[in-house]
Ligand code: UTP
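Next up is one chain by itself, shown in structure tokens, the form predicted alone.
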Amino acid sequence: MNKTQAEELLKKINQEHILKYYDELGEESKKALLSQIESTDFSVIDINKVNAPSKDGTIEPLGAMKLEEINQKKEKYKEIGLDAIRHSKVGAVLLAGGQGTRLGFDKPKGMFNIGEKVELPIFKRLILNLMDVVKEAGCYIPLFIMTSEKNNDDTVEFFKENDFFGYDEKYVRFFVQDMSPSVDYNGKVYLEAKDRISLSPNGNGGWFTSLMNNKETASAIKEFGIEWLNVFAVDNVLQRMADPVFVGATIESGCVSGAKVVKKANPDEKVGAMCKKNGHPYIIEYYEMSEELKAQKDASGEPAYNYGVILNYLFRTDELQKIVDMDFPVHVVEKKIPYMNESGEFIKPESPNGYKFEGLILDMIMMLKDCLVFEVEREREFAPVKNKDGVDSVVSARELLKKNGVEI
């Protein structure tokens, strides 16, 4: 893209100010800004036209495949899952674009040492969990790691320095999450510097488009012949990825997606709960749960909305392609956005000053026709590291690792 093309594009969307300082820039900065303009998706910034998710609809319970039923057919499911893995039909996607800020750690969250007496970065713990399946299947699982512009270099270098923690690097691909522009309350895109637009990650629902927009990772999906993608977040140090039993149960069920869930600790636990909305699978957020829904019981007398998601999902790739070709819902979120003011000063606001735009993985679930709700044992597969201490913290995760015999 050259300057004239950029001017034409920005004029159409009333964002000409992005080139305000162009003539002051050096050649490299000019190239960088034009490249950023060319690669930025400006379609989300019209908040009057944005395809926001509907809040209307009928909520009803969605039954889960419970532990007892899973254990009865465990060996059957495992063989189905292992067969799919051995034929390279299953890939794993690690969402690792965040920093460890809430842990007091100014590096990629996956680099945080969860160990006490031994060095145990979160990335290493997750790779060791995945290696359990590699050993059982007798083959490696293609692993795609989503980073962000901010943490990509640190993450890639960390894996290289540590020899990929024993994982065969031929099966590992990194890709950077796509970004969306940030705007003020009038819909004007913020500048972060004279040669840079203010951008933010496009939400955890943007993982598949980001994966497929990267030429290397998109071609790897085709080359391996991957039919299923197991996507999970960096937070949970106990989770099982490419779990053959989960994969097999989802394939056997005929569903196009699966979601690992745990029985909620209490009705007010801050996790999204699986249910149905307008006949489709849906994840209702804890803050959307009315007292009436919390009190509702199923046929066995248990709470009807009793299973919380742990951000470990399995998707059929052909079904994902269908929904990204549709109008994917975009959430408009009010945020504090650092920006460059009219005087060229960099400002870090103390209160919200504009909007960011995000797609959420829960909307991917809702756009699919069905989802297998698959219960796992909470103390064996759910140890989120979200806070420094307290609930879902470094402290609680370490205790759960010890309970599961992990040396830390």
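Numbering starts at 1 and follows the sequence shown. Note that this is a predicted model, so its numbers are computed, not measured. For clarity, a rigid core is taken as the largest C-alpha set superposing within 1.5 Å between two forms.
There is another form of this protein, the form predicted in complex with uridine 5'-triphosphate, and it is not shown here; the text below is about that form.
A heavy atom within 4.5 Å of uridine 5'-triphosphate in the predicted complex is found for exactly one of P142, G272, G100, P281: G100. Interface residue among S210, N204, N312, T217 relative to uridine 5'-triphosphate in the predicted complex, by the heavy atom within 4.5 Å criterion: N204. Shown alone here, N230 lies farther than 4.5 Å from uridine 5'-triphosphate in the predicted complex, counting heavy atoms only. Although the partner is absent here, A242 is not a contact residue: none of its heavy atoms lies within 4.5 angstroms of uridine 5'-triphosphate in the predicted complex. Residue contact with uridine 5'-triphosphate in the predicted complex: M146 places a heavy atom within 4.5 Å of it.
Mapping the unseen interface onto this chain, R398 falls outside it, with no heavy atom inside 4.5 Å of uridine 5'-triphosphate in the predicted complex. For uridine 5'-triphosphate in the predicted complex, the listed stretch (183 to 191, 294 to 302, 259 to 267, 100 to 108) containing residues with heavy atoms inside 4.5 Å is 100 to 108. The candidate spot formed by I59, K276 and D370 lies out of contact with uridine 5'-triphosphate in the predicted complex, as no residue has a heavy atom within 4.5 Å of it. For the stretch 369 to 395, the set of residues having any non-hydrogen atom within 4.5 angstroms of uridine 5'-triphosphate in the predicted complex comprises only K386. After superposing the rigid core, the C-alpha of L103 moves by 2 Å or more between the shown form and the other one. K263 shows a C-alpha shift below 2 Å between the shown form and the other one [criterion: core-superposed Cα displacement of 2 Å]. With a cut-off of 2 Å and the rigid core superposed, E381 has a Cα displacement that falls short of the cut-off between the shown form and the other one.
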